[in-house]
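Next comes just one chain, in structure tokens: the form predicted alone.
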């Protein structure tokens, strides 16, 4: 074991793989060469259309221990992951690595495939039951959590070698050109599957809406696709709207959102050139967008762009002219899908252009203010979005680590949830280091990271309720008392990988 720059003890090697300890948010400077997919020839691709999903799987020649990947834009409405893994299990395959950009509660049937040995582990994001199975040590190998940008980097750099990528395609042609704009499973953006399509050994496009060539726009290009097949239904697009993508009705959380918008107003960045913002999928973040729009409307201000996850409130700002562009990585509701289809200023982007750290620049650093939710924040501003305070691994990283490259990263959270403190002395697991978190906004006050003296200078004379992070922690403990720490065993069941491929924390098996 070795202690990394975040102060966490991590393994030096696991499952035969040497690990690189986290060394600092911007310590990595890249190097090496990108992975390369096999070179193929047009002569072998006269007809990519397969008679069934089973025939497409057969054509991939998968064996035990293979890695299969998926994108998650249908979120909790996805039907493809379970469909494919069921068929792989029926073929007798075992010890598979699943590399999805995210899993949701709808994927609970995968737990049975973990218990039977079909799946050895997950490399990607896990939300809900599959994360619980990981916490209990049911995976035979160690899982790896990666951010959206980190996953793209890992595929690009060769840390993940995908044997077969299955692209859920709401609309596709026989050549394999894909978009998510129309059809019974329209989910809008599909470009989290871009890295899979570029680097996988085999790329299978699965659609329930086959249209004549050319299907355009084509964020997934047919020139990278091996096989195309149809199914009756990919999933339920209504379920891309989850509980985390509805605006909060809680008076406390609405107050936090109002404080966050007032903070952005108070530091004056909205009046500066090239203002832009990003807000996550949580109820507080959505309320923040609403309050920010009110301020911009009142002051006659306009943002150059907003980074999506798109949603109803962001779309309304675009249509009203309060923002110039939506640069979108995923649609959080059907208003986002409609806008992407109809509005030329609503643009689909991939993790390569928006988040990937191993590029010649992504636009995460061009976002002036980002607002994100968190499960825990500690007195060093470290943030945990993966494990609950009771130790259960229930959430993926999403784009959290990537978004924190914004000019000002604002984390919003109530001081306590139920009887559990949110502002703690030490987070259960670290998703993102405190050096990348600038401000924490709660209902009891706003704490600015002391490293951001420039922000504190801007707030001089402000009427906002400023507190130190230590004061917020004391308030939390005063309400709840000192919380009991979860009990873990020795076995590391999951690595929390930082966006640059280093390991920022190790999650151990929970003793419930």
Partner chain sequence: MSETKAARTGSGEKKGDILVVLEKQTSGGVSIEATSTVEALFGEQIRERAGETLRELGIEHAHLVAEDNGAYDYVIMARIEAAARRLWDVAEPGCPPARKVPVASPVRDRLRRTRLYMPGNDPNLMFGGGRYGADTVILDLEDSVAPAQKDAARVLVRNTLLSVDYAGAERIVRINPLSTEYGAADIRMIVPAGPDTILIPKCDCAGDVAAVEEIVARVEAEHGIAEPRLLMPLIETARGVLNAAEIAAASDRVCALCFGAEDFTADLGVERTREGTESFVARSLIVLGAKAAGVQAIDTVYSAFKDTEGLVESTREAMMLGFEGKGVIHPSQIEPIHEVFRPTPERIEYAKSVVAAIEEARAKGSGVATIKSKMIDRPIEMRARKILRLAGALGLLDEGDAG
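Residue numbers count along the first chain shown, from 1. If you're wondering where the values come from, they're calculated on a predicted model, not measured in any experiment.
Keep in mind the form predicted together with its partner chain is missing from the figure; the text below concerns it.
In the predicted bound form, none of the heavy atoms of residue 380 sits within 4.5 Å of a heavy atom of its partner chain.
A residue is said to contact a partner when one of its heavy atoms sits within 4.5 Å of a partner heavy atom; residue 252 meets this definition for its partner chain in the predicted bound form. Taking the partner from the other structure, its partner chain in the predicted bound form has no heavy atom within 4.5 Å of any heavy atom of residue 451. By the criterion of a heavy atom within 4.5 Å, residue 37 is excluded from the residues contacting its partner chain in the predicted bound form. Out of the listed residues 91, 419, 233, 297, 419 is the one that sits within 4.5 Å of its partner chain in the predicted bound form by at least one heavy atom. Heavy atoms within 4.5 Å of its partner chain in the predicted bound form are found in exactly one of 411-419, 156-164, 298-306, 202-210, that being 411-419.
Residues of 454-485 that come within 4.5 Å of its partner chain in the predicted bound form, judged by any heavy atom, are 478, 479, 480, 481, 482, 483, 484 in sequence order.
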